[in-house]
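First comes one chain, alone, set out as structure tokens in the form predicted alone.
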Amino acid sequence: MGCSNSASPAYGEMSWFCCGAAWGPCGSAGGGACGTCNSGSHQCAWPHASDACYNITQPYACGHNLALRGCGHVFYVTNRCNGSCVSASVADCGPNTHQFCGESHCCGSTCGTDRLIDLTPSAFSAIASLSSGLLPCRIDS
């Protein structure tokens, strides 16, 4: 497996968030829903990390039927602006997709709609500048 290999990838927006020990732009923060989240590791937050998480993030409100992928599951996230890819393991619940239904960010004619995944700064900076904030992505599992 790897980048761009799954039969049914998810397309949307990616953002970044801080968790765990201080790293780069992040101060010290909690360990996330899995208790292992660390800004300096290639990790992510997924809206369906558990049934409880799914009920909070409500990606179905934006029309997304995302698979349950629990703590430690590895996703391959591709920045659709430059084609770069990073692997990131689930370490938290998020983003709150239902709060961002219809939100869209583009690079040229390539757009991503609805926040579907948050990456740690380490993972995000492996495929994009943190100053980008939000970018269109492809998520393979």
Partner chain sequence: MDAMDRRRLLTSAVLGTAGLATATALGPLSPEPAHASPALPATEPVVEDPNFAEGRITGISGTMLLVTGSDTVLHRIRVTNGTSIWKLYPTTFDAVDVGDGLYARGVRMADGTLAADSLWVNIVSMSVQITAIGNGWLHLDHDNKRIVGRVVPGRTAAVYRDAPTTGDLSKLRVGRHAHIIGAWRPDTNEVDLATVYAGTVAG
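This is a predicted model, so every value here is computed, not measured. Residue numbers count along the first chain shown, from 1.
What comes next is about the form predicted in complex with the partner chain, which does not appear here.
Visitor: Heavy atoms within 4.5 Å of the partner chain in the model of the complex: does residue 42 have any?
Guide: Within the cut-off, so yes.
Visitor: Mark residue 99 yes when one of its heavy atoms lies within 4.5 Å of a heavy atom of the partner chain in the model of the complex, and no otherwise.
Guide: Close contact exists here: in the model of the complex, residue 99 approaches the partner chain to within 4.5 Å, heavy atoms only.
Visitor: With a 4.5 Å heavy atom cut-off, would you call residue 82 a contact of the partner chain in the model of the complex?
Guide: Contact check for residue 82: no, nothing within 4.5 Å of the partner chain in the model of the complex.
Visitor: Using 4.5 Å between non-hydrogen atoms, is residue 3 touching the partner chain in the model of the complex?
Guide: No, residue 3 is distant from the partner.
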